[in-house]
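Here's a solo chain for you in structure tokens, the form predicted on its own.
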């Protein structure tokens, strides 16, 4: 659907380019982007002649509204776009090719690799990292202590996590050893669950994204791990119907371990100082860690007359000053070469989020929403059926078939 919508907008935009002031960059961001990027814009606007005019668009409306704005010649100069949608807009010819400029940046090779990969289409770069998010594993140190576990020892394998979960559950009451949002939240589970298979070298899509590869020994082992956690009552029953609204259940202080986003480190520190917690990389089923790289890419609308001003602003965002401002307000650095200096003086647990970038992945597909994010899509349906249902083989077979059908229909 998105692909068809985008395909109709190129001519309309070419006939109606925006005529906004050359020294004022118009930029859209999704609601909830947080203070980090807003503070960078504030600093840039106060220091230079050029200005960035931000418009927040509701997260659920941004993709549709941007495509419609392109068709009407009213698109902003730049956009903070969820990186998973970058390939679709690039394929539709709606974004500026930033390849030569991007590769000329002296720190280009230190930018988040998953973001650059998702920003690349047919060997040309259309998106660069703006905000970086990674998935990590958190554990509650106080519950570890109460369960007789070493609170300073980060679990390194799923065997450890499962054993710890049972000991924490044995504390009784409404204290549980593990949590995940398994009720049709495809986005939650691609973020926190897929690293189990990725760490072991498996994937849910082929390298060229033309084949569904969900039925692998590694994914079956990952499913078994979660099924056992559920079967042994280490996960609250509400997990089965949680569509993401309770994604940060860890913050209630009664969950021993949970895979979360690095963004939650700031949430825990500022809003839940009573919780003593540690964070580590998410182990794969064979112990090798992985992570999901999420966040936004910075993209530029094709045909904007303010391309040079946009580039100047992005370079400021990538500067030491810009990166420190973003980190101060809770965003991970997008540049690995200066990450250590940027995070100096901040919570040391943020470094785990940075370490995750090096092992993180993001599925590359023009059909991300239909395959993965949709609550009724094959990935979300598979997760619930495979982990909570009685027919695991059927769940794998159905997901493999449905994902392949969606992929084939989009070719």
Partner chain sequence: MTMSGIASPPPRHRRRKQSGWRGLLYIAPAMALVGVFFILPVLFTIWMSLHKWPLLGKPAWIGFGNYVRIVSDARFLTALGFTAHYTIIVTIAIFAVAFPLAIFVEKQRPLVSAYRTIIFLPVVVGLASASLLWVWLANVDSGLFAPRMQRLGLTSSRINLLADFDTAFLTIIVMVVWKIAGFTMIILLTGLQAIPAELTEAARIDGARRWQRFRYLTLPLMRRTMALALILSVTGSILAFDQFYIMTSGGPQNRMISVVYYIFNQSFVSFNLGYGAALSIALLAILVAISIFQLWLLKVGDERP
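Take the two forms, superpose them, and find the largest set of C-alpha atoms that agree within 1.5 Å; that set is the rigid core. Please read all numbers here as calculations on a predicted model, not as lab measurements. Numbering follows the first chain given and starts at 1.
Omitted here: the form predicted together with its partner chain. The next part is about that form.
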In the predicted complex, does each of 92, 243 and 385 have a heavy atom within 4.5 Å of its partner chain? yes
Partner absent here, but in the predicted complex, which of 39-47, 23-31, 364-372, 341-349 has residues with a heavy atom within 4.5 Å of its partner chain? 364-372
Would you kindly say which of 231, 320, 237, 207 lies with a heavy atom within 4.5 Å of its partner chain in the predicted complex? 237
Considering 63, 52, 57, 357, which brings a non-hydrogen atom within 4.5 Å of its partner chain in the predicted complex? 63
Please determine whether residue 394 contacts its partner chain in the predicted complex, using a 4.5 Å cut-off between heavy atoms. no
Once the core is superposed between the shown form and the other one, does residue 373 show a C-alpha displacement of at least 2 Å? no
Given a core-based superposition, decide whether the C-alpha of residue 345 shifts by 2 Å or more between the shown form and the other one. no
